[in-house]
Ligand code: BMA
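To begin, one chain is listed below as structure tokens, in the form predicted alone.
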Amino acid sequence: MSKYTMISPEVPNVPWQDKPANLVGAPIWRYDENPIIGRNPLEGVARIFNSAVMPYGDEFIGVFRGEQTNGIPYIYLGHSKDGINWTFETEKIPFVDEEGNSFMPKYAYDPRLVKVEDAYYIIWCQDFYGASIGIAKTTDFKTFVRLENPFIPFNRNAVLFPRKINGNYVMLSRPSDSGHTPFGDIFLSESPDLVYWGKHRHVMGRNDKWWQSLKIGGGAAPIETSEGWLLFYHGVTGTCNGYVYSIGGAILDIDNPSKVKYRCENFLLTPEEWYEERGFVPNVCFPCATIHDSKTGKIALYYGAADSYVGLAFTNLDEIIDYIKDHSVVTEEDTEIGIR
């Protein structure tokens, strides 16, 4: 019997592969046929990575960072029957304004995809006189209406919570700059209408653990559980040969998610396989989405690998929560409400 509960719909066809008998470390394991998306996936796109997927009907849908052969990233729509084998629409997603006029960003990358109530929201990084956040809404994955930019520059790594909290939409983000930010903490903001954002709170920051000593950022949309919001995020360290991106885990308070209940001091996944260590940007594991089944507790975690591929890993609710709790180290800065 499960120790913890997921508060989310059942997904009986969640992608899955059983845990290997020789697994060492955190209870998260890679799909043994990774990467699930390789290079040159469609005409004019050299690489797909850092992308987000979710259930849609009896199948799956996703928004994918497609790095075009001219070097400009855009977001493409993808479809899958099993969450592993994907086909992509050949044209980038056609964003429009509220009057239906074309309203395309100059570029768009690292999308997240979250359903809140009856609508689906795509959140991405774009140019708004500097690195900033874009957001669009769809109900049918045919019409994609861009909403007001939530924040002024500079900001990245934004993701919505999958339901309102205390009546407001809630978004995680990572204040940034337009370069490779030498800093980075995760913050939280609230909005009653997805237009006006406030009640900004600090959630957690980089720390003295080597794998997240330079900066951190939100990853997959938080999963609501009986223990709190389960968050997979990325942590970055600097080495003499460049940055290394790893995947970490934390559990946030269910009613006040600026408060961190548990934060795993160990990484959950770090670059070790060829497709994570070798690519356009080496040594990157960058989490962007999960597909999870509330009945079985199975979690499929999608992550970008080396800015060149999409990888898939698996865990289950009981084991990952226990591991995060058993290896948790939190500070006063983590556990406070985040307002000074």
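Residues carry their position along the shown sequence, with the first being 1. Nothing here was measured: the structure is a model prediction, and the numbers come from that model.
Missing here is the form predicted together with ligand BMA; even so, the following discussion is about that form.
- Is ligand BMA in the predicted complex near all of 30, 272 and 302, within 4.5 Å of a heavy atom of each? No, the candidate spot makes no contact with ligand BMA.
- Find the only residue in 36, 46, 281, 61 having a heavy atom within 4.5 Å of ligand BMA in the predicted complex. Result of the distance check: 281.
- Message: Within 4.5 angstroms, counting heavy atoms, which one of the listed stretches 106 to 114, 260 to 268, 202 to 210, 183 to 191 is next to ligand BMA in the predicted complex?
- Response: Answer to the contact question: 106 to 114.
- With the cut-off set at 4.5 Å between non-hydrogen atoms, does residue 277 touch ligand BMA in the predicted complex? Output for residue 277 is no: heavy atoms all beyond 4.5 Å of ligand BMA.
- Message: I'd like to know whether residue 65 contacts ligand BMA in the predicted complex, with contact meaning heavy atoms within 4.5 angstroms.
- Response: Residue 65: yes, in contact with ligand BMA in the predicted complex.
- Task: Using a 4.5 Å heavy atom cut-off, state whether residue 51 contacts ligand BMA in the predicted complex.
- Result: Close contact is absent here: in the predicted complex, residue 51 is far from ligand BMA, nothing within 4.5 Å, heavy atoms only.
- Close approach of residue 232 to ligand BMA in the predicted complex, 4.5 Å, heavy atom: No, residue 232 stays farther than 4.5 Å from ligand BMA in the predicted complex.
- Going through 186 to 223 from first to last, which residues have a non-hydrogen atom within 4.5 Å of ligand BMA in the predicted complex? Contacts from 186 to 223: just 215.
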